[in-house]
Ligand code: BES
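Shown below, as structure tokens, is a lone chain in the form predicted alone; questions about how it binds or moves come after it.
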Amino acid sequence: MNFLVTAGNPLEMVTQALVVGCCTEPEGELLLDSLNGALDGVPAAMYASKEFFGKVGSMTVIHTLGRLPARRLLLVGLGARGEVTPERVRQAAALAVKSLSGAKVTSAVSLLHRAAPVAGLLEASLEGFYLGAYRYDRYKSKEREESRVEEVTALFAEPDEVTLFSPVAAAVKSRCDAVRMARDLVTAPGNVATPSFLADKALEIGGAYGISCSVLRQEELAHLGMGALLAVGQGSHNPPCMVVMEYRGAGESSRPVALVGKGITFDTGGISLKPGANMELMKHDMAGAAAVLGALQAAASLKLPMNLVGIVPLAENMPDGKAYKPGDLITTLSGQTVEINNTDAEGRLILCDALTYVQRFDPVAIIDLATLTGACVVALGHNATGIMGSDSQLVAALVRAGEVTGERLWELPLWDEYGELMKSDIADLKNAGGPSAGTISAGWFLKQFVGSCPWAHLDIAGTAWEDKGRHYLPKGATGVGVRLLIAYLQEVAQGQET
């Protein structure tokens, strides 16, 4: 999808569709007054009859029949004017783009960003259009009849605004391209998106965006002593590996922010086999890895003035004669030993080696993302990501980024008492603590491998995959984490500049 920014009179725009955000209080709205005049009072009559009155989630189409250069007028409800938020506009744009696609509209002019005097509405509306239009049909043998919206023009009143906001539209496209790439990776079938496939994708991103990228293969992992990552992957004929990416947007002396993403490309549970129902969805157990790759791509595209390190441990968790099993003892890269009591608690194992490895880059902060625990879905459902961490300022900054992007976070406690669940009789730790506080005990386990570096853990188990599809989140992979991380990194970059 292409974004254009232009200035002009909405009543003079030649377009297939003019998208207008409408609130529940139409009084005093000059645009609606103008549209009423041009369309013989139809919008006002719809408000009067309650056929349409600006309620959140409502929408109506008015065919102009030649009375305006725009062929159709799409009114999208935003609720009370004093309650309009970027997230509400983001969702309204997604609702609009689905309607436009169904009507075979390929280009539209949008006024959604002018619905209320609230900052961030342009970015939110363009994100909603682009992300709401996403679909994954790479492996469908027949073309769908539904068309795609290929171009959205944001219309402003003054030419000066075009100069001001054109870079904003370009930045939105960079972020959304990265989100869509992450969605593609997570949605790809498990026999395609193997560890080596994702490693090759990381190398491709590195080459395209000027990011240094290397892949540590099985022999190198063994030489380093990454016993946890190797143990998880040893039951698969697709060998484990680890991607190391470095984006340098600042000087060599500037310490990087480190991003670590869980990359289990398919999770059977191993010897602790998962139930068969819905196991096909376990291809999305690498959503944390996809988010890190997307964030690195977006950061490089946006030329953020900072240094980043991305670490992506990759493995397939399979049960065969070589697979690790309950009762095994493994030695991690940190030297700490772990007793295995559940091979389906594998994500924390590949992450613990990655978290130890990343400390050699002396990062200012470490953020890991993982579809780590079903317990997080039980606790928070599919509307919030769980966050835990060792640094309150880092956690608070990420929570703020979640509010800005609509990828909301909810902090869970990480008290030392939860460590009692992870004590082993024969090793330093065990890898699963039982049914109680599963999300927190997993976070506490990871904390043992981050040293003194400020660290935050995001459990995206409930937010990485959408079962039904809603607003700008498609049915399937959501690409969660990419926009969140970029919003956080932009705040960090701005702080470094001031």
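Since we're looking at a predicted model, the values are computed, not measured. One rule holds for the numbers: they count along the sequence shown, beginning at 1.
There is another form of this protein, the form predicted in complex with the named molecule, and it is not shown here; the text below is about that form.
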item	value
Distance check, Ala456 to the named molecule in the predicted bound form, heavy atom within 4.5 Å	no
4.5 Å heavy atom contact, Lys274 and the named molecule in the predicted bound form	yes
Ala93: touches the named molecule in the predicted bound form, heavy atom cutoff 4.5 angstroms	no
4.5 Å heavy atom contact, Leu372 to the named molecule in the predicted bound form	yes
Segment assignment from 155-163, 80-88, 277-285, 94-102: heavy atom within 4.5 Å of the named molecule in the predicted bound form	277-285
Residue (of Leu446, Ala70, Ile440, Ala432) lying close to the named molecule in the predicted bound form, criterion heavy atoms within 4.5 Å	Ala432
Heavy atom within 4.5 Å of the named molecule in the predicted bound form - the one residue of Leu308, Ala133, Ala345, Leu230 that qualifies	Ala345
Contact test, all of Lys262, Asp267 and Ala461, partner the named molecule in the predicted bound form, heavy atom 4.5 Å	yes
